[in-house]
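Read the single chain below, which is given as structure tokens and is the form predicted alone.
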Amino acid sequence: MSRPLQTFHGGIHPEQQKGQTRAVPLQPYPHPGGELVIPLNQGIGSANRAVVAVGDTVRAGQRLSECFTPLSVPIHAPYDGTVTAIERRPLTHPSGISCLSVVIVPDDDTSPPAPTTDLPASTSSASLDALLATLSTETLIERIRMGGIIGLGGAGFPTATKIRKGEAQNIETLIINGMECEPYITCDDRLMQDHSDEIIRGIEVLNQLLKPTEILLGIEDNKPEAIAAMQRAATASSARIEVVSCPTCYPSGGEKQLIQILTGKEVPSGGFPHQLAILCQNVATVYAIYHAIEERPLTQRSVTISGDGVAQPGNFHVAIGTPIRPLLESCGLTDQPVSVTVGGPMMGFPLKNLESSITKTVNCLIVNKSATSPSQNSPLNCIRCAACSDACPVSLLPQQLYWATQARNFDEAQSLHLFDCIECGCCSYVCPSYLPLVDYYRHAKGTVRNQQREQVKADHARNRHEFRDARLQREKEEKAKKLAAKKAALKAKKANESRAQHESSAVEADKKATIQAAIDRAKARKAAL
């Protein structure tokens, strides 16, 4: 009996463009030589601090950084080699900013970090069960954190932190996201086909940690091979895993949309899935969790390279830190001018510098000849057709948000739930006036966040000023009290001295009177004789 599925509002059906790579198995990408550039800032956490120095020799899997906040995870060396620099290098980021990075030159005889092949289900399951039986929950979570595992679906949220929050909320439903709904991207599809047993082992780790009542693996119905592979692997698992085929519709791979499809529950505005006793993880993240438990840190990830700008598109296991230019050249980068998009065409961003490198959140590089790249039509006036509202999967009012953000009325934009926008691009995709709606929303979010940061700084400065004023007033009052006490003590001392002097004078007078009386008596006796 198939599971009853729900739907979410809106959504679109863009051309899939997956034919170039969906039949190409994942294969290791051998490093062509040169250097690896590994940014110290990956994911949403704060930047790490390097624990290696220039000239150090490092081994594959060695930790290169230390982290200080719960939202940070360390990075590791993908190959044996030598640290040649720790300096700012271009970061694969929409802004094109640079980031402090560890630069490693691999040894000449180093071998690529080839992924493990799927073991027979019974063998790998037995060894994993034995390992899980000997490790505490805290040890398992710490291995995930120190293995550098973050969300590999694009968000980059630290996985250990997400699991800890799930533990605190007593997760009932564990959802594994195998949707991969963006056009062009097929690396997760191939990962499920080529490494299904290892994904199941990762799910078993999460099952041990969270002990959910149900585990759902959602896969779009345009991936029949992946569905079949995961169903075969799931049958041999000790965990009860239900593989669910879901209708193909963008953005069904969004966390909140997938939750709605599989459970019918809606994550409230500003809320989180764990508040509904639900936790979601991407299939690539689950694959990495399994390896982290066996103390093999995240040093590579699966990447799709597609588009008409490369002669040999495919899916690759690529070491973190691999420069993008030689990676594309190995796939037959054309001599013509090309444009490179990081991620999918809907939520990705144009790459500003081919000298930047693969990071943990890069899952796809779309290389198109400039002549065939989607042209940017000139924006026209909004015709109020409401197509954007019909397509929005979060049930927002994109047209009203557009007017508010264009007028820089950010208070109104926030009242229209600006931060509920998942920036999926559906509204821009269907807009007949070619309005870059998502660009307006991103700009507005950035402006509001900057204003909030400035407000926090202002509040902090005001609190410090008020604290200083209160401290100075307190010190003034304490000083006045001390002065008054000192004056009172001095006055009391003088009074005591005066009283003592008076008493001393009285005693002296009495003494003199006594002596004089004695003299007088003596004189009287003498006179009587």
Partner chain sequence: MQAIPHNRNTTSREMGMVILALLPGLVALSWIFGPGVWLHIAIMVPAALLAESAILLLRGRSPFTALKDLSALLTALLLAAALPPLLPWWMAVLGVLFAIILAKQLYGGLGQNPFNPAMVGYVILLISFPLEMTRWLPPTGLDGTTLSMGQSLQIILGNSDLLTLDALTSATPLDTMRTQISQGHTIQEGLLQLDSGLLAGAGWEWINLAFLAGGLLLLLRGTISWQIPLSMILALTLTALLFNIIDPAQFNTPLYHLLSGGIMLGAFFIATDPVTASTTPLGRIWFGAGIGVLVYIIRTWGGYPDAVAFSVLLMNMFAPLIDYFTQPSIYGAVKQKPSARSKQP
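Residue numbers count along the first chain shown, from 1. Computed from a predicted model, the values in this text were never measured in an experiment.
Quick note: we don't show the form predicted in complex with the partner chain, though the next part is all about it.
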query	finding
Touches the partner chain in the predicted bound form: residue 157 (any heavy atom, 4.5 Å)	no
Any non-hydrogen atom of residue 173 within 4.5 angstroms of the partner chain in the predicted bound form	no
Partner contact for residue 86 in the predicted bound form: the partner chain, 4.5 angstroms, heavy atom	no
Proximity of residue 510 to the partner chain in the predicted bound form, heavy atoms at 4.5 Å	no
In the predicted bound form, the residue from 457, 408, 240, 449 that sits within 4.5 Å of the partner chain by heavy atoms	449
One residue of 222, 361, 161, 341 in contact with the partner chain, assessed in the predicted bound form (non-hydrogen atom, 4.5 angstroms)	341
The partner chain in the predicted bound form: contacting segment from 212-220, 96-104, 424-432, 137-145, heavy atom within 4.5 Å	424-432
4.5 Å heavy atom contact with the partner chain in the predicted bound form for all of 267, 346 and 384	yes
Those residues of 237-258 which, in the predicted bound form, come within 4.5 Å of the partner chain by heavy atom	256, 257
